[in-house]
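In the form predicted on its own, a lone chain appears below as structure tokens.
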């Protein structure tokens, strides 16, 4: 969301990257799965391989959804900050151009929520 300041903005924001001890806040949103009504925010090291996030971090966040185990990651469609994106699973988040407060949205072909109800 774009914000227009009506005056000088002369202080560092509290969510500046320097306040996260070397990590970045990255937002993840599984589209068509509104059991999770909004993107989740994760603090992740920039060098963490993208595939490691999928294999070791996201299961702890989305694993309770019965469709999560059915995701075929190579077939997932991605958007990074509103642009189409094809992640390099072996490369780190920074190398994949995932920045501080980036939003990653993903669609899972054939999986549309509980009973196809987008839930």
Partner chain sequence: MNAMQPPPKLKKLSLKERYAHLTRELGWKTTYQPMDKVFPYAEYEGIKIHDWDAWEDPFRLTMDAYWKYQAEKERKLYAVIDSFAQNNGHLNITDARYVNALKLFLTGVSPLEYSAHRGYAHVGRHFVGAGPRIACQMQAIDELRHAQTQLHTMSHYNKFFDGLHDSRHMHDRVWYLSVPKSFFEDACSAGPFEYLTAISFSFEYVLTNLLFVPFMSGAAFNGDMATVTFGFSAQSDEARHMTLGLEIIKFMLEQDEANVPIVQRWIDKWFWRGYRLLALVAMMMDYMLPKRIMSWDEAWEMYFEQAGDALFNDLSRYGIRKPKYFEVASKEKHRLSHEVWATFYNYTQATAFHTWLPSEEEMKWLSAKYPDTFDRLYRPRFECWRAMEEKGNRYYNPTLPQLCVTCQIPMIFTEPDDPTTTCFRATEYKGERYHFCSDGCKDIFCYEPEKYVQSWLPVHQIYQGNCGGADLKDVIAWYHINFGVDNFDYTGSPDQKLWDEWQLQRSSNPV
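Residue numbers count along the first chain shown, from 1. This is a predicted model, so every value here is computed, not measured.
Not pictured, yet referred to below: the form predicted together with the partner chain.
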Would you point out which of 47-55, 34-42, 68-76, 87-95 contains residues with a non-hydrogen atom within 4.5 Å of the partner chain in the predicted complex? 34-42
Is residue 108 close enough to the partner chain in the predicted complex to count, meaning some heavy atom within 4.5 Å? no
Stretch 90-109 - residues with a heavy atom within 4.5 Å of the partner chain in the predicted complex: 99, 100, 101, 102, 103, 105
